[in-house]
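Just the one chain here, the form predicted alone, laid out as structure tokens.
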Amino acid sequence: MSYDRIADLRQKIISGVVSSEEITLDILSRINRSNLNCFISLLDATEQARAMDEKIKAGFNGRLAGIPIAIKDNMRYKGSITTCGSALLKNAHPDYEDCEAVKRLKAEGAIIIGKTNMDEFAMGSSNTTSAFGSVHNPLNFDCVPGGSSGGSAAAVSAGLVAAALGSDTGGSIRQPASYCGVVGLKPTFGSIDGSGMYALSQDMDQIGPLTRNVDDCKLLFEILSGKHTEVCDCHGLKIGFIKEYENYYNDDTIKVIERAKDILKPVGSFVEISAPSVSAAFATYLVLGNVQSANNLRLIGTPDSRESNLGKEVKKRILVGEYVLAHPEIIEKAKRVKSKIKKELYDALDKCDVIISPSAPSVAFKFSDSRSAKEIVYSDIFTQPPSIAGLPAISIPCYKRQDGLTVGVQIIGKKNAEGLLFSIGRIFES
């Protein structure tokens, strides 16, 4: 059974060609046969599906009626344990209510299949820091899927679910979307209510969808945000490229830019822009993100339980955050750089309609990768600046190598310009 388009699958369910229960059982069978380790837990999906079939017979026709969707395991689902990929929470009390995003999916009829694997407390770019084991990339089992929403990206890429939710702080939706060859959106900061999700950084966290195509991404964004996005006429676009990003290009990412220009040349013109402070985005993100992470984790467990249950990556980031907290002058400097990055990107978008870049500086790397730790850490270098600025950005599949690994193109827009991003994304699919 194909799960390529949500609208097509929904129509089959509404018209009675197939039931939600049949689809759900098929999905669960696929998940149980998979060796990708995409899920931490499965939910009461069969019961949900049976109830939904009865509602549909009674006339319900929500926009996601009977559609199987997964959520990242940092989002609360009533009656389940939200682990955030950490041993610290594996025996926590079950959630007493759904997070806001799940409530909105359920209101439109979605079947919440399960909770996807993730880097522990969303701290990682590879999905190798989870206490529940690493997630594997469906495009190459020996490669990482990206992180921290790697379980969601891999599940969508492998066809284990129609769509999934992830969370993105510095690239945790867009980078795994790039590695796994799917569509991933980090919406405008604040456009989707994050209530009921464990926070990594309250100033940058954003829930967003991972899907197999742009139309499904658009649909989920509209449901989650409560906003309608208009289809835009893309002719006459001014398309910007950040000069400073070129310092991180390689053969694969150069091909992404060349292909993006070939695809967009019929509808727009290109302009080079400068945003010097993006080169300091990593350090800025490291300071501000880890300060908030350290503060947030103080509220979970006890000092002894954190010491015995947290992984090395999380402990490292807590130590960085605690050090910075003891040196407020570092925080003030990072805040000034954050303001510069935001101003430079806003100024750049006064000169163009969107900014194009690779979503990641490489294809997915192998678990046994011999590259330097520094190079792997910089896998979010293109995605961090728009996160710091609170701007919407989408990753669209763009370039596939002969070995099947992919690099996406990132399209950055002005605040609340998701409609334009979807319209441009469709051009890449045509």
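None of the values given here were measured: they were computed from a predicted structure. Residue indices: 1-based, along the sequence shown.
Not pictured, yet referred to below: the form predicted together with a small molecule.
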{"item": "Contact stretch among 167-175, 320-328, 333-341, 298-306 - heavy atom within 4.5 Å of the small molecule in the predicted complex", "value": "167-175"}
{"item": "All of 145, 180 and 211 within 4.5 Å of the small molecule in the predicted complex, heavy atom check", "value": "no"}
{"item": "Option touching the small molecule, based on a heavy atom within 4.5 Å in the predicted complex, out of 154, 71, 220, 122", "value": "122"}
{"item": "Single option in 200, 355, 275, 314 placed near the small molecule in the predicted complex, where near means a heavy atom within 4.5 Å", "value": "200"}
{"item": "4.5 Å heavy atom contact, residue 77 to the small molecule in the predicted complex", "value": "no"}
